[in-house]
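Given as structure tokens, the chain that follows is alone and in the form predicted alone.
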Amino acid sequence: MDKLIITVAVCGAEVTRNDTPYIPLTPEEITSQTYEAYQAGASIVHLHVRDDEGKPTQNAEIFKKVVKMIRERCPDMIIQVSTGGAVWMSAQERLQSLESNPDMATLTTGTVNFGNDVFMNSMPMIEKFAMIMKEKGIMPEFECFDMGHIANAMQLVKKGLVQGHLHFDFVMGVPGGIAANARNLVTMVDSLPDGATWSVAGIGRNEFTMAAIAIAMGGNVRVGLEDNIYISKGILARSNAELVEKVVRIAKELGRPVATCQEARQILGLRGNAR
């Protein structure tokens, strides 16, 4: 097995201070918690940003500021921006994050019910996002909320819109998306092309169960306050680093060493240094 790549999803677009007082919102808080997670063993940061009121935004200037701050504190960390934004944002809004010159960006490859909302991703929109990432030299991470999203991703490859190493993130447990269980994960992994890498983001109470299964299967893991605010049942995680540290402990128990940032870059076929 390759070494374990840990992604930290530090704040997302949905969690508020009413949910947990520990969610980072300002550029300084996001950078500080990213640094702590980096020190704990995360090699990729999955990045959303917030505005001055703590609301989700895809504002290019805020992304540029936060990316610059993270690179100063975590010079070799892989920065992956979200192009998902929030469910109510337009495609043009969502694309603004790519102006921050990240290493990677999420590319959601299908529409999915998202609780009471709909996360809309038509095929023309997906192809446009893929084309812009290709033009900018940004590696996409296929973000899959359901089985059909894998087939959509492979259509992009067939059309030449995505080239090089393929990396998938299975977001499991969102109400409306694929359920988080071992059977579904095995089916998704078996649907991937040879040589592709993958990670799992288990939502809510599914986070550490799916992390343990992924580690044992040779996959990678995403954790963070975007996906789950609890370190154990009923106990709030006090930081993103605390969630990363728990994954590192699980990996150690299962005999899976954790990848450094440079090792993660090698596994994913990224350039050796930050952009």
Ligand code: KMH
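Throughout, we count residues from 1 along the sequence that is shown. From a predicted model like this one, the values you see are computed outputs, not experimental measurements.
Although it is not shown, the form predicted together with the ligand is what the next lines describe.
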Candidate spot 188, 199 and 220, all three touching the ligand in the model of the complex (heavy atom, 4.5 Å): no
Based on heavy atom distances of 4.5 Å or less, which listed stretch (176 to 184, 107 to 115, 191 to 199, 67 to 75) is in contact with the ligand in the model of the complex? 107 to 115
According to a 4.5 angstroms non-hydrogen atom cut-off, is residue 145 in contact with the ligand in the model of the complex? yes
Contact with the ligand in the model of the complex for residue 97, defined as at least one heavy atom pair within 4.5 Å: yes or no? no
For residue 13, is any heavy atom within 4.5 Å of the ligand in the model of the complex, or not? yes
Even though the partner isn't displayed, in the model of the complex is residue 245 close enough to the ligand, meaning a heavy atom within 4.5 Å? no
Counting any non-hydrogen atom inside 4.5 Å, which residue from 87, 151, 91, 157 sits next to the ligand in the model of the complex? 87
Using the arrangement in the model of the complex, list in sequence order the residues of 215 to 248 with any heavy atom within 4.5 angstroms of the ligand. 226
